[in-house]
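The chain below stands alone and is given in C-alpha cells; this is the form predicted alone.
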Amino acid sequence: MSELRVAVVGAGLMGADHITRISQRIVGATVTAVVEPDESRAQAALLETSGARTFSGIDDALKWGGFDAVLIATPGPFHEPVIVPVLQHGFPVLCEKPLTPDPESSLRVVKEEVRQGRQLIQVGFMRRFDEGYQSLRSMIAQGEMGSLLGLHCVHRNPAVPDSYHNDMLIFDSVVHEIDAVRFLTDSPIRSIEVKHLKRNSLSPDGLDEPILVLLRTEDGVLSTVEMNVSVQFGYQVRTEAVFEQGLAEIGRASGLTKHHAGAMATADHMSFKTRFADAYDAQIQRWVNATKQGRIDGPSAWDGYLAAAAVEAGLEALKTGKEVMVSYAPRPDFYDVA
C-alpha cells in the first residue's frame, strides 16, 4: 500500500487540523473523504486537500468505500455511532479522545472490536507521543532516581467559551491527565478526589474553577492536577515528578527568553495546537505507518475504556467532594500484552 487513503469524520477544530496535517506534513497518507454534515465546514476542509469527496453521514461514505482507514474527530457523544459501523466494515480507526463519553458505551465498542478478531482502534491520547512524556516515562521505569513518589500536574487554558461547563473540567480536560498519569506510572487510577480552589471571578458564569484533582494509582502514587481554564495569559501543561532521590519536570515553554528593562520574559503557548504540535504529528504518522502493517501503535480501545471509567468516578467526585473509587470491568484476554 503506497498511500493510506483516510476518511476524516468531523471537520471542526480537530478534524480540520488533522486534514491539514495529513495533507501537508504526514508521509504516506492522503485524505480521500470528509464526512461532515455542515456544508460550510466540509467545503472549507476541501481547500486543504486535493480530490477528496464529502459526505453528510458515515453510512454514505461506507457505501462508497474509497478509503482504507477512518479518523474520527467528532465530539465524543457521536463516536459510538460512527465507530461501530466502521468496525463492522473492517476499517482501522484513529478516534480522538474520548473513545466514548461513558464506560458502558466504551465497553460496547470494546466488545465490537473483540468480535472483529483484531485490534483496529487507536485512541487519540496524543500526550503519549510527546517527547517529554516519553522521556519521563522511561526515567520512571528505569528507576534512576529511585521510586516515583508523586506527580504535580498543571493544565491551564487562557480562557474557555461560555458553553464550557463544570463537567467538562473532568471529561474534556482532566481526562488527558487521567490517561497521562496511567501512561507515566503504568498503573491504573484507583481513586479520584476533587477540591475547589477559590473561584476565579473571570471564569464563565456557572463554572466553578480552578479545581485540584487528586489521582491515586493502584501502586500508590498520588498525582495532584491543577485544572485551571481561565488563567488569561496562555496555555500550559506541565508535570513535575517527585522521586526518592530527585525531581524531574516536563512542559516548560522553550524558545527565546528576553531580558529587558529589568524584566525577563519567555513566550508561552496560547493553544494545545502549538503546545502539542509535534506530538500530534508523531501520533498520526505512527498510526499511518502501523495501519499499513495491520496493527495499532498507541492507546487501544481498552485504554479508552479505562479512561472513561475513571472519568465517571471523577464526575462523581466533582459533585460530591468525596474520594471516589474507580470500578473497572475485567480486561478481555484480547488486550493482553505479550
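Here the structure is a predicted model, which is why all the values come from computation and not from measurement. Numbering starts at 1 and runs along the sequence shown.
Keep in mind that the form predicted together with a small molecule is missing from the display, and what follows is about it.
Ser173 is the sole member of Ser230, Thr185, Ser173, Ser105 with a non-hydrogen atom within 4.5 Å of the small molecule in the predicted complex. Checked against the small molecule in the predicted complex, the candidates Met126, Val213, Leu136, Leu87 yield a single residue with a heavy atom inside 4.5 Å, and that residue is Met126. For the candidate spot formed by His155, Tyr164 and Phe272, every residue has a non-hydrogen atom within 4.5 angstroms of the small molecule in the predicted complex. At a distance threshold of 4.5 angstroms between non-hydrogen atoms, Phe91 is out of contact with the small molecule in the predicted complex. With the partner omitted here, the stretch from 105 to 113, 165 to 173, 247 to 255, 78 to 86 that lies within 4.5 Å of the small molecule by heavy atoms in the predicted complex is 165 to 173.
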